[in-house]
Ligand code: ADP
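Here you get one chain, nothing else, as structure tokens; it is the form predicted alone.
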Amino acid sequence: MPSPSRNGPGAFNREAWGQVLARLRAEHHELLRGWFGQLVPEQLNGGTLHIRAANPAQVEYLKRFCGSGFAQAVQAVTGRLIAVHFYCNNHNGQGLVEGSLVSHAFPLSFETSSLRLNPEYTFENFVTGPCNRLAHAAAIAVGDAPGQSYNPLFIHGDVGLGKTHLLQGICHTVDHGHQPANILYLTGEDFTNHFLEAVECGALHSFRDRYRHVDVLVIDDIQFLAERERSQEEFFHTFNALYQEQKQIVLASDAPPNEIPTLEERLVSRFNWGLVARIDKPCLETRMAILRKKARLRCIDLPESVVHLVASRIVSNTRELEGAITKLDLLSQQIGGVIDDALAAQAVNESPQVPPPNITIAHIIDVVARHYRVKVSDIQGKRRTKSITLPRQVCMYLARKLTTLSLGEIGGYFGGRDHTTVLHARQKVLAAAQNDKAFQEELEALAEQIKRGV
């Protein structure tokens, strides 16, 4: 049991309470709210921890959704079977009276959200090329005349290719336009979290009022709605309400509408009503232009030979190019500010070499099969044992990363699997890499081996 704090006998000490909140964050992340840091563990008496909230609305939320999670966390920290009791100084600790949730004693997240944009993500700072010209032109048209040109505008492409930049460029343009506009910019995860919060707090009317009375709705990573039926249902009606009022809708995803798994057909159909624009990986000339632009924004002088070297080595996305510039700047400060080819080679972790050869899925499968010591025929077959499933998913992930083939084309190389299987495999590998540094390094090593044609 945690020792009493200086607040008096039976009080829960600050260290133990911090451990309780940490456990909640790790094991019940979906329950967390920003005001949890204001909760006060007042007393631990008779096997019950009394937790004081700021107002009746918070008490109601805690009682309805958090009792079990808090009890488990407290018991894990103290090693004792302890119950929890939530109260506030109003209503003599009885919590909310019936119907009082409508008043919202604490502000809901979707009611206080503001337009948060990166000041660098404007159209003036966006580098165009064959890979993104259509998406860029459409975004400018939408920014200049929201609700008139392309509605909805759906932009898709792999991570780090500039989707977020274009979305925020639209927001900047509309926000600085001649006519005042109500803009709501957020992610698909934000939309889902806001919707769940509104359901939990009985605030659906406020939620719908917030979302359905905007002039421009911009949602990044809309694929987050996949497998969330209630959120899709709510967004369907939100979409219809805005579209009928000729309000602008802009969406972005890592896949086109028909390749987002478990997305309802009626949403797929509506996402295709306007313009669907794809962003591809930038060519060498575009990557060089991106490097020059990003370097100028940071007041970094890059010799043309360095620009060419870095652009030749980093072929995946804009974010990695930005990371290379940052690394070059830091390395140059350590040696007196000189940026040359040798330093650039060090920044990209490899010595100068010819650009990588054309990569085929057959070569990817061969490299992965050798690495995991499995048969190529098994990877391309129907077996679903763990020893085969992981290499197969890695192949699909690397094929999506290193080639320009569509999800459906990639699936055809693996026993005729459909695009949803490939997208699921990619997401599984990405999630595993985020939680396992060794696995991430393993993927990077395989990618480098494939690029070298070994």
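Start at 1 with the first residue shown and count on from there. Fair warning: this is a prediction, and the values are worked out from it, not measured in the lab.
The discussion below concerns the form predicted in complex with adenosine-5'-diphosphate, not included here.
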Among 189-197, 157-165, 308-316, 236-244, mark the stretch whose residues have heavy atoms within 4.5 Å of adenosine-5'-diphosphate in the model of the complex. 157-165
is_contact(residue 215, adenosine-5'-diphosphate) in the model of the complex, heavy atom dist at most 4.5 Å: no
Contact test in the model of the complex: residue 322 vs adenosine-5'-diphosphate, heavy atoms, 4.5 Å: yes
Decide whether residue 127 counts as a contact residue for adenosine-5'-diphosphate in the model of the complex under a heavy atom distance cut-off of 4.5 Å. yes
With a 4.5 Å heavy atom cut-off, would you call residue 294 a contact of adenosine-5'-diphosphate in the model of the complex? yes
Of the options 135, 251, 379, 290, which one has a non-hydrogen atom that comes within 4.5 Å of adenosine-5'-diphosphate in the model of the complex? 290
Heavy atom within 4.5 Å of adenosine-5'-diphosphate in the model of the complex - residue from 207, 121, 372, 150: 121
Closer or farther in the model of the complex: C-alpha pair residue 213, residue 30 (3 angstroms or more): farther
